[in-house]
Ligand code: SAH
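In the form predicted alone, a lone chain appears below as structure tokens.
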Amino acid sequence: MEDFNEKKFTVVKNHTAQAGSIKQEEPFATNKIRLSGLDLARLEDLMEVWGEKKFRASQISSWLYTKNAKNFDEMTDIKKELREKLKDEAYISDVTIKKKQISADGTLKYLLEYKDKNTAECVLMRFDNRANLTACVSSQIGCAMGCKFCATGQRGIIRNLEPYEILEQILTIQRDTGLKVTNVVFMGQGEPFNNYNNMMEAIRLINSCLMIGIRRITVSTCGIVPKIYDISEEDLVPTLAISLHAPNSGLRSQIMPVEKRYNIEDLKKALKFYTEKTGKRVTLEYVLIGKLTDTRKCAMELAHFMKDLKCNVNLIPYNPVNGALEFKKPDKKDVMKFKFILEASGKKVTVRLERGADIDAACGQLRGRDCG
């Protein structure tokens, strides 16, 4: 039994014809094999089944993940007979761009439609003074965490994304733009740790197929404490960013329901375990909501919270979200005061540069549906 995609393929040896044939149990409209999401080992298995030489898998992998081929005719160094077989028995992707928006600052936001007609968003961020191209990817369709300041949480959870569906967000960006994504952040829709196994498999694919180093992959979580311990033990450990957003349990529980299950002190213990086990710093993400989380008192409490934690801090001025009318953007002077207080503790503190707010692509604004 072979498992080339998420579907099952039965290999039937046929010594009188080719080396094998494939029968697919297909619940959807096609009986072809999806190549997107197959790593080199699985492509090699497929070539063996088809009676092709092993090196053909490397050629196909290069076209899929390095050259961003959109169709089989582009694969010019592959013999015509194999290209025809690929057309007959396989396809590259079943993910389509439903909508694309371009911000005044160059940020690109894609609304992608999957085979079940559900949609999710991903974003490509470009910065004038940096060579890096960062893809912000979603891990779920919707989100169950219900953070009060986040648009995705208003949608609720629909389903987890499969590993290839996460990978396809990056591939779609690269095929559409012709650019090479250099950094990946799991900061789109969903709580990555609530889709832990699929997230980790996607990270492995991103690392091995797209050759993006693990140091350039960041996972943001609102604080699912058991999974922080789990990821600390992985052989491939991404950088961890924590959506903290408040310096104490009382305030955090007002805006983040997760606090009632995994409180801030237990979260800190897990973060210390991660930093000691991996040697990596964590990033504390902190949303500055005007007159709520941006006060001097909050800054002093946060400075105390992080003083014995190996961390950096990323301050995020609140981005307006429909349905959260009680929250306001912070004044710029309050942002700088907050930053100054934290810097006095000796930590590296940055203010997140707002990208794509005019197309609802900034932090907390992704909805994953076409809102017109």
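Start at 1 with the first residue shown and count on from there. Treat the numbers as computed from the prediction; the structure is a model and nothing was measured.
Unshown form predicted in complex with the ligand; subsequent notes refer to it.
- Listed stretches are 146 to 154, 171 to 179, 270 to 278, 198 to 206; the contact stretch with the ligand in the predicted bound form is 146 to 154, by a heavy atom cutoff of 4.5 Å.
- In summary, among the residues 294, 94, 259, 285, the only one with a non-hydrogen atom within 4.5 Å of the ligand in the predicted bound form is 285.
- This chain appears without its partner; in the predicted bound form, the one residue of 187, 210, 125, 90 with a heavy atom within 4.5 Å of the ligand is 187.
- Here the marked residues 34, 110 and 163 all miss the ligand in the predicted bound form; none has a heavy atom within 4.5 angstroms.
- The ligand is not drawn, but in the predicted bound form it has no heavy atom within 4.5 Å of residue 238.
- The shortest heavy atom separation between residue 330 and the ligand in the predicted bound form exceeds 4.5 Å.
- Within 4.5 Å of any heavy atom of the ligand in the predicted bound form lies no heavy atom of residue 305.
- The closest non-hydrogen atom of residue 222 lies within 4.5 Å of the ligand in the predicted bound form.
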